[in-house]
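Below you'll find only one chain, the form predicted alone, shown as structure tokens.
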Amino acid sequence: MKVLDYGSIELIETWGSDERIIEAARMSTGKGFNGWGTPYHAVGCPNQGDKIVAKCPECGQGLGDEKLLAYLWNNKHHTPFEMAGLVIEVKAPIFVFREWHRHRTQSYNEMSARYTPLPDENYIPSVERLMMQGGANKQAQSAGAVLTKEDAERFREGLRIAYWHARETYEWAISHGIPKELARLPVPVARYSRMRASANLRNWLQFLTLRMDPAAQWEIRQYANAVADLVCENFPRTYQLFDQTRVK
């Protein structure tokens, strides 16, 4: 899934499901998962299809566990949501990773420029991105100056020049025997890197709560939106509850 100019998010694996969350919540009663009472992407009793019933007359399966799922979420009984999760691979600018790594409930493994050169790819924001107003987010606001499209283009060209000089210094250092762990010093925070991130569903949803918020920096919001698509695809009922209650 493409994000920004050179970035991406790729699903590596998932574990658990909406059904497993129900099973975990019923550990004390031993009733397990009974079934959903409302259809969702053809999920439901195989004998009844999309028909909504209290119990299937053929298999005897009781339906309606979406009520329990909603009760758990709406009343903040979030422990069962730790029984599911996903691992993703992310390619993003280093400054996005610095924000992302503040979520210490995730596990990370990022490629290291001590051992391998980072790809010569750097983020250059579009003119439209540069012209965005900060709104209520004071960190995103300028110091009173009014940005013109001409100045935005000049900034973009300045970035290209700065990135070129950084790359030249880096490659010269490598070719003259400077250790890679020191040759990387000129690398800008706009340079793309890669990492894998793993977390349970409860903590992914907390990540989305903060990083899909309008006050979050625009760039990491684009990555959060991509993560949200993966969560929605793999845990549709849980994501539906989350989406109904989050601040937009």
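Not measured: the values here are computed from a predicted model. If you superpose the two forms and keep the largest set of C-alpha atoms that fall within 1.5 Å, you have the rigid core. Residue numbers here begin at 1 and follow the sequence given.
Although not depicted, the form predicted together with a further copy of the same chain is the subject of the following passage.
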May I ask you to check whether Leu230 falls inside a 4.5 Å heavy atom distance of a further copy of the same chain in the model of the complex?
no
4.5 angstroms heavy atom contact with a further copy of the same chain in the model of the complex for Phe97:
yes
Should Glu219 be counted as a contact of a further copy of the same chain in the model of the complex, where contact means heavy atoms within 4.5 Å?
yes
Answer yes if any heavy atom of Asn74 is within 4.5 Å of a heavy atom of a further copy of the same chain in the model of the complex; otherwise answer no.
no
Taking only heavy atoms into account, state which residues of 91-113 are within 4.5 Å of a further copy of the same chain in the model of the complex, ordered by sequence.
Ile94, Phe95, Phe97, Arg98, Glu99, His101, Arg102, Arg104, Gln106, Ser107, Tyr108, Asn109, Glu110, Met111, Ser112
Once you line up the core, how about Pro179: does its CA shift reach 2 Å between this form and the one not shown?
no
Shift of Pro214 between this form and the one not shown at or above 2 Å (CA, core fit)
no
